[in-house]
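One chain comes next, on its own, written as structure tokens: the form predicted alone.
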Amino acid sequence: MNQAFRHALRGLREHTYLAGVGAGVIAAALVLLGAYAMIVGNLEAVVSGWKRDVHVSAYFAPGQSAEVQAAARSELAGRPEVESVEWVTSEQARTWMLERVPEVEAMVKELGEGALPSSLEIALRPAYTSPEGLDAFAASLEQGGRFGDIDYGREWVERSGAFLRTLTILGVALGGILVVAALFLVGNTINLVVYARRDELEILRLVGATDSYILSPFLVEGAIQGVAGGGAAVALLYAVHRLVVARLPEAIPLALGEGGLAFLQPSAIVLLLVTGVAIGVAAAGLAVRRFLSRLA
């Protein structure tokens, strides 16, 4: 292994330009992958935050007394699905409406004191904010006849989930295309290195060197190029991330909360580096095996 590493370093010194090109191709592919992963990760964080804000509005049926409404609030507050429950009386709803939409004051007065029904504003725990969980919870509220109408954002939850699933599928497709393209380009670059060293490789084959002995230095070179490309990609992504956060101090918090635009998670960084190494090793292996098959 030490010998393969020494041969790999010698090869990199002798063909620095081509090694740099290979690492650059890997870095370019990983920058695109990393940028996409960062965008999807932040979008998932945003949607997750919105899901935490998903709530159910349960409007009491006409004729429900204050005692019944208070009992319903206490009962729901004890359910495992419920994070919190706020009791909004008819008077509070009326005041809220007139403060925010003063234009409807005449219409509300014409409808009378009971125009806006009392309600319970129910915040659910994240585990129960799926479309199925919302349906089940709403169905349970409809039993007993205490509530005249149940309002919840099932359609929005479905659409946000479908949006994220579409992004994930597109990411897998984009990642596959970029990895194949990087393999092709890095493989062609290593082909040039193999061609430049063809006399040395032919002599090694003539003196009885095994394919693994010939191949191992190139695999090490590919791994080094992968690490260099992955490291360069992570550094570039971090620089762009810092630049974006510095330039958009006001716009980003509006969309992504106080934490701003998040950088890649450590697991994603490790995955990028591993992907870079895998591309370099696979491209080197394919290029050298193709050359050795011609000598057979």
Partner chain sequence: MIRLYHIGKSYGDRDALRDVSLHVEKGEMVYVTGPSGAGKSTMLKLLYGAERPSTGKMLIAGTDVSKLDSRQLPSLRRNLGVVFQDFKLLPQRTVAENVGMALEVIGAEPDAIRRRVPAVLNIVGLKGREEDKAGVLSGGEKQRVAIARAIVNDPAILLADEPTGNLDGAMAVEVMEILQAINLRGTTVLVATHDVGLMDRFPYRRLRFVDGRLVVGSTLGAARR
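Numbering follows the first chain given and starts at 1. Between two forms, the rigid core is defined as the largest C-alpha subset superposing within 1.5 Å. In this text the structure is predicted, and so the values were computed from the model without any measurement.
What comes next is about the form predicted in complex with the partner chain, which does not appear here.
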*4.5 Å heavy atom contact, residue 207 to the partner chain in the predicted complex*: yes
*Although the partner chain is absent from this view, report whether residue 156 comes within 4.5 Å of it in the predicted complex, heavy atoms only.*
no
*Looking in the predicted complex, any heavy atom of residue 202 within 4.5 Å of the partner chain?*
yes
*Tell me, yes or no, whether residue 213 is in contact with the partner chain in the predicted complex, where a contact means a heavy atom of each within 4.5 Å.*
yes
*Please determine, with the chain shown alone, which of 122 to 130, 81 to 89, 136 to 144, 192 to 200 has non-hydrogen atoms within 4.5 Å of the partner chain in the predicted complex.*
192 to 200
*Does anything in 6 to 23 come within 4.5 Å of the partner chain in the predicted complex by heavy atoms, and if so which residues, in order?*
7, 10, 14, 15
*Would the C-alpha of residue 201 be classed as shifted by 2 Å or more between the shown form and the other one after rigid-core alignment?*
yes
